[in-house]
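The chain below stands alone and is given in structure tokens; this is the form predicted alone.
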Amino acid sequence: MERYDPLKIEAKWQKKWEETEAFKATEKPNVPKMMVAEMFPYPSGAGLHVGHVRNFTIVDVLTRFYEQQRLNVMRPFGYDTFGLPAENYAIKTGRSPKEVTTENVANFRKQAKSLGYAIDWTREINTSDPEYYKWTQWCFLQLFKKGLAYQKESYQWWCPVDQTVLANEQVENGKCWRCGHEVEKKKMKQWFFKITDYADELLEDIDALDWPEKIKTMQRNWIGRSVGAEIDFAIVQDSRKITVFTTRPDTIKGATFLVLAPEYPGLDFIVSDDAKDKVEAYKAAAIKKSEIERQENKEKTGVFTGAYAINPATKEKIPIWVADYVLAGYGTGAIMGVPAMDDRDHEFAEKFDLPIVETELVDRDAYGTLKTTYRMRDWLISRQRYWGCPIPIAYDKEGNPHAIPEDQLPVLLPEIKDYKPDKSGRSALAKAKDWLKVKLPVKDPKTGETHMEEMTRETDTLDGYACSSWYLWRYASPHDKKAAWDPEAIKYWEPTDVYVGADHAVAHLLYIRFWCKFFADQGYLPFREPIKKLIYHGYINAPDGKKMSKSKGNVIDPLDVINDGYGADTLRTYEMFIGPVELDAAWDPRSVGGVYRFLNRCWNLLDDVVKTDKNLVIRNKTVKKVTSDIYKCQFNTAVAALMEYVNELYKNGATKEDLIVLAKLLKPFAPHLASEMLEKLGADDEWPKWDEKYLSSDTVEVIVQVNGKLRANLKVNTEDLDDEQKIIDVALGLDKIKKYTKDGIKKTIFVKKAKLLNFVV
């Protein structure tokens, strides 16, 4: 037989899959479905990198695994194409973002196909396609109708170079995360989505999610619900008061000072004349720091306002300070300093020589109105960019916003030549004079008659997260011209069964959950959580463990690996073998070669098929192990089990049945090679089953003790030795053990090597 030629085999099968539309998904009412997707990528000009390959291959392994079990699987694909990189490139080169994006998408599609992914290309979507963003605009209008899309003036981070608003997490050490220029604060009228209306439900539903615990914790912390009380402190020689929020109202007797955020409303009226200059200088410095910097800064700073308040519990006069560790958006923007009970307050009091007094606790309800606050803020969605989804709003002469009628959607991006924002801070759309003007129907409140009125379009575009907050539902009916998604298709395909990514642990996942709950409330979705299972994987770093970046010149191009003769199957299998899916891993060129040799060994087994079956136990054991590991997303150990299986086949000789099982188990990882092997063996690809009777000999005996005395012997499968809790549960179910442990267990000791379990009672 000819030698293993991955490039030849892969070209053959990729052509066959494309010609037969092998992965096209259709609704099959009587077949259980699985919808598997990745967080869709931004298609940069650099093309795919090895991080994309890890992300996409995890999805593909699961897709093929479920298909081989004869489930009805949909694996779609899409591109997150709006955003600042394409706009910056347009400003630099003068090339249209649309033109550049079209090229990048075509390149991504070609590269993804070269990796043999089981994608239903008929469901491909692109957020900058008017047929897509028409429905993003429709989503905006539904929120606007219900008052959940609204405008307000607020201070925002502003990059004078990129001429756009930045989120807190995009400001690093007072500089723009992208261009590195120093940012400033600018008061602007912005659009927000009222995600805080759903804060409680978003928080309470986290517990039931089948998501990694670290992601659930990050979401809980981001929402940051605090239950406490509001307490009024009268200002000395003034009729006004300061309302503070505290989670410990019972410590009020220990409050020896108040601290206000630099942005506290009415601060100017509180500050004494002598302190005004110092406070103004402090405010100017604080406004340049991000909230993240202010919270993480270990050195406390502050300035005395010259004013005092009365502690309602002690009737003592206490000083009022301003400090940037207090945030205007948290609670009321004012806190009471209780240095004897709070570490931050203690540091502040020590630095500025403020009183620290031990205090007796009082009734929590004595001085405060019970209140719940949240760390999470409403979602700022305005962006001063050209290359984004136009906000479907226009303004009348008085500046009042009006929704663009749904039958006039999409509001198309106009073709322009100068992509730079204007000096006022508005996006380049403000330069499209003809596009700006629109006539909309307006009803006269007195007569009830409708007339057409000329208005001016909104020049901000939507944050890219809006485009990615609903795309999973568009996959169900990507070509629907009548609705954002077809209700019947949604009922069949959604919610998404498995979602895979390595970024956006908080923002994107919170936003998509928020939109899901909102559209469920409007009757558009029959579920309230969009994603059943989340897989969050680690990054692939350079061989020295450092993060890959173009500037460091250490980026691994996946196409180089393929074209060097290793092929896509080697790359795919290596990236699943590189380490536990949830951990970062360093690229190792030697291991790539090792995986290539493993696939060669699989292929070469076809040369010498034997008839005597010596592999019943290892074959059944491998089927069970690989099946279990894929379900648990332990792909590295699944590949390791296949390598061990191949070693045994070389020792004992491989029967046709051995090779059919090998090819079937290999297919999720190396689909081209496996398909070629199955074709030569004349077999289908249905996932194999194991027979427990061939595994029964693979058992061990665990000694079960109570207080060091032998009380029972427990037989378990060898692989179950890794599952300590399972062994404990089985042992506690034994009658011999129940009678000795009925009064409770103080400690449980399991020694795997000694196969010993001891309950201390």
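It should be emphasised that the depicted structure is a prediction, and the values quoted were computed from it without experimental measurement. Residue positions are given as counts along the sequence shown, with the first one as 1. For the two forms, the rigid core is made up of the largest set of C-alpha atoms that agree within 1.5 Å on superposition.
As for the form predicted together with a small molecule, it is not shown, yet the points below apply to it.
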(Q) Would you classify Asn554 as touching the small molecule in the predicted bound form, given a 4.5 Å non-hydrogen atom cut-off? (A) no
Q. Any of the heavy atoms of Arg248 lying within 4.5 Å of the small molecule in the predicted bound form?
A. yes
(Q) How about Leu665 - does it come within 4.5 Å of the small molecule in the predicted bound form, if we only consider non-hydrogen atoms? (A) no
(Q) I'd like to check something about Gly333: if you look in the predicted bound form, is any of its heavy atoms closer than or equal to 4.5 Å to a heavy atom of the small molecule? (A) yes
Q.
Partner absent here, but in the predicted bound form, which of 494 to 502, 124 to 132, 323 to 331, 469 to 477 has residues with a heavy atom within 4.5 Å of the small molecule?
A. 323 to 331
Q) With the small molecule left out of view, which of Glu644, Asp342, Glu172, Asp232 would have a heavy atom within 4.5 Å of it in the predicted bound form? A) Asp342
Q.
Can you work out which of Asn72, Asn636, Ser226, Thr301 has a heavy atom no more than 4.5 Å from the small molecule in the predicted bound form?
A. Ser226
Q. Would you say Pro97 moves its Cα by 2 Å or more between this form and the one not shown, aligning on the core?
A. no
Q.
For a quick test of reading the superposition: does Gly388 move by 2 Å or more at the CA between this form and the one not shown, rigid core aligned?
A. no
Q. Does the C-alpha of Pro339 move 2 Å or more between this form and the one not shown once the rigid core is lined up?
A. yes
